[in-house]
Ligand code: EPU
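Given as structure tokens, the chain that follows is alone and in the form predicted alone.
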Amino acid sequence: MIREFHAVDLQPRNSFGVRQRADRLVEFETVGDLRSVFADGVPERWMVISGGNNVLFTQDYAGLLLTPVSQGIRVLHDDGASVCVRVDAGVEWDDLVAWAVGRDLWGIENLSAIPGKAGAAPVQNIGAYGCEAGRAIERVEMYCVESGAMLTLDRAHCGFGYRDSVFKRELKGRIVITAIELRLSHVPQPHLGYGDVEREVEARGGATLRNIRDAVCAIRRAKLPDPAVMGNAGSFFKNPVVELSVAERLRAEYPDMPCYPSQKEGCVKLAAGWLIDRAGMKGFRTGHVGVHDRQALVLVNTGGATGLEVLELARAVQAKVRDRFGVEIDTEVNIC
């Protein structure tokens, strides 16, 4: 069923809590709903906004916003070792993780407490504590706005990378994700490569699904501000991937600088939060915006900020890191 809104206030629909409006917003449940929306052609400007957790509006949106509200989770196949699960795009991601943990299914527990909808997970290839959604996603169901056809894309063709996918590139503005299929495991597969997680899990008695989920939730609560209290979109910046020679140069000057393996050959991943902290921006405040004092990756709306104020702060942070380390940090949040 379609619910349509015009001149809609976006403040309650984006986790930064910035006050902008959209010309038109449609909540949809089914493929039939999407066909109705696009029956008269594809609007000049449109995009999907799910939970509004990874977007910064810097101006009113002169176009169509689509929001999935379907809530189904269904087991498609269980072979005793693994389970294939179909999840509608409108399901809250953390509700899905809780569903899986409650059924002793491994594979996404490290992604606990990440805000947003299941349909957005493959776009950003959400990740945390050594795990990414793309490892569990088997295929993605989508509606092609140009042809009106339903398509299915297997994992091998999703182009999953660090906070990246084909949905952010070649398919951007061409499809609407309607559901994802995940492959979860009955066999324990704990990923405890991050020190904080390992310590929290051991303190709770060892590597069970419930302990891992509780540990991750506790760590995120301690480090990240609640958007209901202080507007934010979680990590605003991506960890930069640099050539090994760049990392070695920086490590010679900053021996305590953390580095992580990268999927890109001859490169390593640096910790953007560490770079921002060392550049002197952690806890920085100006006007109605700031860099969070416990997690430097997070920019916050301390009350009444505009999207342009947040963007100006982001650019200041990028400039400080560039000047101090010669490294560019890119934004993870979509800026509109």
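So that there is no doubt, residue numbering starts at 1 and follows the sequence shown. These numbers were taken from a predicted model, which means no experiment stands behind them.
One more form of this protein should be noted, the form predicted together with the ligand, which is absent from this view; the next part is about it.
TODO: Could you tell me which of 176 to 184, 238 to 246, 203 to 211, 142 to 150 sits within 4.5 Å of the ligand in the predicted complex, going by non-hydrogen atoms?
DONE: Looking at the partner contacts, the answer comes out as 238 to 246.
TODO: Find the only residue in 159, 127, 116, 90 having a heavy atom within 4.5 Å of the ligand in the predicted complex.
DONE: The option sitting close enough to the partner is 127.
- [ ] With the ligand left out of view, choose which of 264, 199, 220, 155 has a non-hydrogen atom within 4.5 angstroms of it in the predicted complex.
- [x] So the residue touching the ligand in the predicted complex, by this definition, is 220.
Open item on the list: Would you classify residue 227 as touching the ligand in the predicted complex, given a 4.5 Å non-hydrogen atom cut-off?
Closed with: No, residue 227 stays farther than 4.5 Å from the ligand in the predicted complex.
- [ ] Could you confirm whether residue 55 comes within 4.5 Å of the ligand in the predicted complex, counting heavy atoms only?
- [x] Flag for residue 55 set to no.
TODO: May I ask you to check whether residue 306 falls inside a 4.5 Å heavy atom distance of the ligand in the predicted complex?
DONE: Result no; residue 306 lies far from the ligand in the predicted complex.
Open item on the list: How about residue 194 - does it come within 4.5 Å of the ligand in the predicted complex, if we only consider non-hydrogen atoms?
Closed with: Judged by the heavy-atom cut-off of 4.5 Å, residue 194 is in contact with the ligand in the predicted complex.
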